[in-house]
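Single chain ahead, written as structure tokens, the form predicted alone.
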């Protein structure tokens, strides 16, 4: 489905923790997430740390959205 959206001219960013799966389905813009049950957070941290983590990941995704990706690209995130 991701490829079809891209072909239609809609840029897509896939946020995923299973990068090989995202690559296998043909996603061009991939942003790594934290885990399956908590893709954009870590319940073991305080609210401020979670906010910073989410803010950073969404920022990377927005940057990826504006990047012209002709081939599969995994965007770097802070750990």
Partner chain sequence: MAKAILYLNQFFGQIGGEDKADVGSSIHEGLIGPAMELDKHLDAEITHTVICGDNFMGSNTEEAINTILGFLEGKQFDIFLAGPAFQAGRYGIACGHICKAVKDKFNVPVVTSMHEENPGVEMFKKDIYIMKGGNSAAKMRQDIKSMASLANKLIRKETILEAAQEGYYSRGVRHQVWRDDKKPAADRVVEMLIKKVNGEPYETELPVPKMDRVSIAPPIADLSKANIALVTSGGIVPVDNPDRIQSASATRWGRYNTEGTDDLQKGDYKTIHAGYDPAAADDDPDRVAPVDALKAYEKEGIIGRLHKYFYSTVGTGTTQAEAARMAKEMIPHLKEDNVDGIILTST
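Because the structure is a prediction, the values reported are computed rather than measured. Positions refer to the first chain, counted from 1.
The same protein also exists as the form predicted in complex with the partner chain; that form is not shown, yet it is the one meant from here on.
Of the heavy atoms in residue 79, none are within 4.5 Å of the partner chain in the predicted complex. Interface residue remark: residue 74 is not counted as part of the site for the partner chain in the predicted complex, having no heavy atom within 4.5 Å.
In the predicted complex, 1, 2, 3, 4, 5, 6, 7, 8, 9, 10, 11, 12, 13, 14, 15, 16, 17, 18, 20, 21, 23, 24, 25, 26, 28, 29 are the residues of 1-33 with at least one heavy atom within 4.5 Å of the partner chain, listed from first to last.
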